[in-house]
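Two versions of one and the same chain are coming, encoded as structure tokens; call them structure 1 and structure 2.
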Structure 1
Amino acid sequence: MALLLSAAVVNAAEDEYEFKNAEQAQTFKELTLELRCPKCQNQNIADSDAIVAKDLRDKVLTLVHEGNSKQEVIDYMIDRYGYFVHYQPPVTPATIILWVLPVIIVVLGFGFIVFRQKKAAIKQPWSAADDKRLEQLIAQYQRKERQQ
């Protein structure tokens, strides 16, 4: 019974955030769902039980209470923790390279294979001297076979 009461007190403590209006509550809810916990890595700060997630929720709450917009809070968190903290990273030259570089490597590899196949498929001219050399090699082979 005491365990159930303590669990109820803990749950009540987690939901003790107070807001001036419904818009701030909605902004806080959206932000905690969009920001990633730096420790848990695949949980948002709303679902994470990590201490750093609690600190981030408190900071988001403070920024929302100060009247910052959603984008300003996201910018603050990105400045503080890097692009990793946001589930929707912006398109930067680094992210473009990460997306485009594998495609370039595959295209260059395919082009290299095609180039090598075309080079290997070039027919060599066959001359009368080649015929004569082939006949000599066959005769030499047949002589060795007879001697054995």
Structure 2
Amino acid sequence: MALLLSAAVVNAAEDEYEFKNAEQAQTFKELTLELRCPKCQNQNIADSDAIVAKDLRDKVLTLVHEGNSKQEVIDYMIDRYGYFVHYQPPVTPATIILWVLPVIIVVLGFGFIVFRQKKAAIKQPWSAADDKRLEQLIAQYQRKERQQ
């Protein structure tokens, strides 16, 4: 639903704006969906009615018109609003754990399963000593039964 709504807003926005070519229109559309409104808790700038979201939309439009690439526009925004403004988190020392943690968990979990199965698959050797011990235990048990 939210996706449909935001798509509708972008389409509405596109009607207002004119582009030199389809590529620029596409870049603008992608950017407004990917950039996060700095004032709102969790909305992209295509979706938000906040004044700052409108300012960012206008700025994105200008930058796209000037022929900036998508990455250049994103860098421009990050320079001002920090990494918060982009929905795709970059790999930095602070966020590396977010990227690596899922991989570690999957590898550890898989390793654990393999380890358990291998252990279960090992055939326990049965020796004469084990035979003797079993007989002993049976005899002990039977003695207990008789005593009751």
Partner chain sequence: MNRKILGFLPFLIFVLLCVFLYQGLFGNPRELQTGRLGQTMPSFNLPDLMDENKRWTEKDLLGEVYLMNVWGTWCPTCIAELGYLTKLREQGVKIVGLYYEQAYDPDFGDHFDMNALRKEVDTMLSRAGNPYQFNILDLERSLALDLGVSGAPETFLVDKKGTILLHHTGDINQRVWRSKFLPALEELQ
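By convention here, residues take numbers in order along the sequence of structure 1, the first being 1. What we label the rigid core is the largest C-alpha set whose atoms superpose within 1.5 Å from one form to the other. Predicted model only: the values in this text are computed from it and were never measured.
The second of the two structures is the form predicted together with the partner chain. Once the rigid core is overlaid between the two structures, Glu135 counts among the residues whose Cα shifts by 2 Å or more. The Cα shift for Thr92 between the two structures, taken after rigid core superposition, is smaller than 2 angstroms. After superposing the rigid core, the C-alpha of Gln117 moves by 2 Å or more between the two structures.
Here the rigid core is superposed, and Leu108 then shows its C-alpha moved by 16.5 angstrom between the two structures.
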